[in-house]
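Heads up, the chain below is alone and in the form predicted alone; it's given as structure tokens.
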């Protein structure tokens, strides 16, 4: 019955929609049982990485928020798109025009942004105004060899007051307008999951990804040879269970249930 949960040495957890729903006056609401589930994972000796496409704040800022919501989490345990993008920019001598959330800008403090030769797009939320998106378009269309780097490609996510458009929708608009294909840094990119596995020191066949996004979390992890479980929290919708391409190794009601099953198989 629970064959999917056997032979596990490491877990990768999505954050938004799995640990908590973001938004609201307190910055978010923990999903029932999730903080205790994280404590159980750590007590079990399993390796753990938090694998997120969060790009509305620096890692330090959203880790502090999660700690305030009762989660045992540190910056060193988080794999996120912005640091990966900064490594890529430095390696390739790219100078970005940033279309990102104001709170994410400090992650790019050490990156040269003069005379941009690429565009980096993240979940800019209210910064996705017509003027800002059009400015990014003008930079991109004006380049001889346009380079568009996207911090994830999610379609939407869930906050406490409902679903919100994610970076993927704006990425697609820029791709279409400039006839360019974005390079995705973050889930579901294979390199992003491989980086998280390397940080854990666990091979893909001994790791499980737990997420609420059928494509970015489940599909992305499975392409790397991992098992992947979808929680019925966050952005999960019943139609996900009929997805034409992606079939999770299991569905669970929430993180707490997934962790109890996995720990029962150790």
Partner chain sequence: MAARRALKAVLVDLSGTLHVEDSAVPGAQEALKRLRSAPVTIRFVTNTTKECKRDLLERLTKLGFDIAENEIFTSLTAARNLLEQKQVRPLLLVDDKALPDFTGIVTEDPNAVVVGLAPEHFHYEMMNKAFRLILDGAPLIAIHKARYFKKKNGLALGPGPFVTGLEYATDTKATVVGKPEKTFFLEALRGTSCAPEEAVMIGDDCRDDVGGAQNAGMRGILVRTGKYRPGDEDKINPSPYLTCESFPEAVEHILGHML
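What you see is a predicted model; the values in this text were computed from it and never measured. Residue numbers count along the first chain shown, from 1.
There is another form of this protein, the form predicted together with its partner chain, and it is not shown here; the text below is about that form.
Although the partner is absent here, residue 108 lies well away from its partner chain in the model of the complex, with no heavy atom inside 4.5 Å. Within 4.5 Å of some heavy atom of its partner chain in the model of the complex lies at least one heavy atom of residue 165. Although the partner is absent here, residue 237 lies within 4.5 Å of its partner chain in the model of the complex, judged by heavy atoms. Put simply, residue 137 is close to its partner chain in the model of the complex: some heavy atom of it is within 4.5 Å. Using a 4.5 Å cut-off to its partner chain in the model of the complex, each of 155, 161 and 176 places a heavy atom inside that distance. Contact with its partner chain in the model of the complex, defined as a heavy atom within 4.5 Å, holds for exactly one of 95, 190, 172, 92, namely 172. Of the residues given (88, 182, 133, 75), 133 alone sits with a heavy atom within 4.5 Å of its partner chain in the model of the complex.
Comparing 190 to 198, 112 to 120, 80 to 88, 125 to 133 against its partner chain in the model of the complex, the single stretch with non-hydrogen atoms within 4.5 angstroms of it is 125 to 133.
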